[in-house]
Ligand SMILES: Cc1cc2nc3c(=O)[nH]c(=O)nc-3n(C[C@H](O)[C@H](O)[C@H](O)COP(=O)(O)OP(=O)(O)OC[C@H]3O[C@@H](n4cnc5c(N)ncnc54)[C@H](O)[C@@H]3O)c2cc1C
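Let's start with one chain on its own, the form predicted on its own, as structure tokens.
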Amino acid sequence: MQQGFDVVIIGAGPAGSSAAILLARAGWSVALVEKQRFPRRKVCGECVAASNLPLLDALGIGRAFADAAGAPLRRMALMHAGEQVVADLPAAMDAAHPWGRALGREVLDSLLLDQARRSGAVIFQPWLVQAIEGGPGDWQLQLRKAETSESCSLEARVAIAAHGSWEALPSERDEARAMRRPSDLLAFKANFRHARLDQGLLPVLALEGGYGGMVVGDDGITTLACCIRRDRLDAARRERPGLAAGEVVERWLRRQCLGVDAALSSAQREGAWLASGPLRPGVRLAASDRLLRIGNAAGEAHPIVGEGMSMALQSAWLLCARLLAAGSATEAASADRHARIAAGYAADWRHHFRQRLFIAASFAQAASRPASARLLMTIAQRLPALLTVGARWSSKDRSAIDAASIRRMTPTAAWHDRPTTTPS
């Protein structure tokens, strides 16, 4: 079976589904390929900064998001060992959406994917990409259904990678496997009921050999997520032989940070610990890319600043603005125009996200080393407002997509008003 499309998008997370919605509404034929069934849990801090809420409105899921998400996030805390400093989060520039919220990825991703389907995208799920060949104007993809031996071929003028940073494409898998290092950061996440954590508070955890965060999201569920160095995890596992990695991480977190221990004192974990990684913070796109990249496939910041969702959603909008300005997929895939789109988008991406990567890397380094973490806590205790300033430096209060761009890319108010229910 062979099918042709204007664009094929690999990965149906927030970046991929957002791009599918925008392009399908503009009349492009869109194939969206996702290897996992939804809803599915995913390692993620699950915070959506306020700067993204106008984008969710424009994509048609704003009301459903608001109905399902946790309380507005107005305050942040820095926790280290037995100490804690609380400060205000900066309000966003959009007065209608001043505060971020938290929503589980099993809900958010399903809302966006459902909207992509309703916008006209053809969903291939669960399908695996086995091979990618060709180039702009003539991409050829070989797919295999994840649960059977069924296969199919797709042709597309434009191809967009929107997969996770540790979900390498076929041509990248050998390189990814060869990059194992003791300093690798491995990500873990678990959900808890009845945790003792204030709604609307976003604690950041400074840990020896890592960092983390907690938040209360939808249905009163508290998410605890962290990143831990591979060598630190190996040492902790040697202390607890036979214990699962997630259990070791939970004990490590409670021992490292009394704020975590207090929050979990009466909590009940829901489901198993999830793990993923290693994280590869940095930029992965280039001006010369033939395969266009959004979300973590384009670049990734240390998740300590909670801007991963912002970079995913906003990068999709930045790329789609360039593609739609071409007028058609045929024109966008022409050699000269495609090169200009890739170069312009790469410049846009770096302009808007380079500072977030720098702030996140600096904060991650300081929080994960004992001496610098103690210094960070001392400074925060004397000047709590510096935490607010740091959140503002990481762009939590502003978006790469302005109101004029939103109106230009979503000109029909009917899209905003479509009722969207939370998928079961």
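Just count from 1 along the sequence shown to find any residue number. Remember, predicted model here, so these are calculated numbers, not experimental data.
Although it is not shown, the form predicted in complex with this ligand is what the next lines describe.
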**Message:** Check for me whether this ligand, as it appears in the model of the complex, comes within 4.5 angstroms of all of K35, V129 and L279 - heavy atoms only.
**Reply:** yes
**Message:** Within 4.5 Å, heavy atoms only, one stretch in 296-304, 239-247, 256-264, 335-343 touches this ligand in the model of the complex. Which?
**Reply:** 296-304
**Request:** State yes or no: in the model of the complex, is some non-hydrogen atom of K42 no more than 4.5 angstroms from a non-hydrogen atom of this ligand?
**Result:** yes
**Prompt:** Would G308 count as touching this ligand in the model of the complex under a 4.5 Å heavy atom rule?
**Reply:** yes
**Prompt:** Does A15 make contact with this ligand in the model of the complex, using a 4.5 Å heavy atom cut-off?
**Reply:** yes
**Item:** in the model of the complex, H163 touching this ligand (heavy atom, 4.5 Å)
**Value:** yes
**Complete:** The one option of L318, A187, L233, A156 with any heavy atom within 4.5 Å of this ligand in the model of the complex is A187
**Complete:** Checking A116, C227, L323, L207 against this ligand in the model of the complex, the residue with a non-hydrogen atom inside 4.5 angstroms turns out to be C227
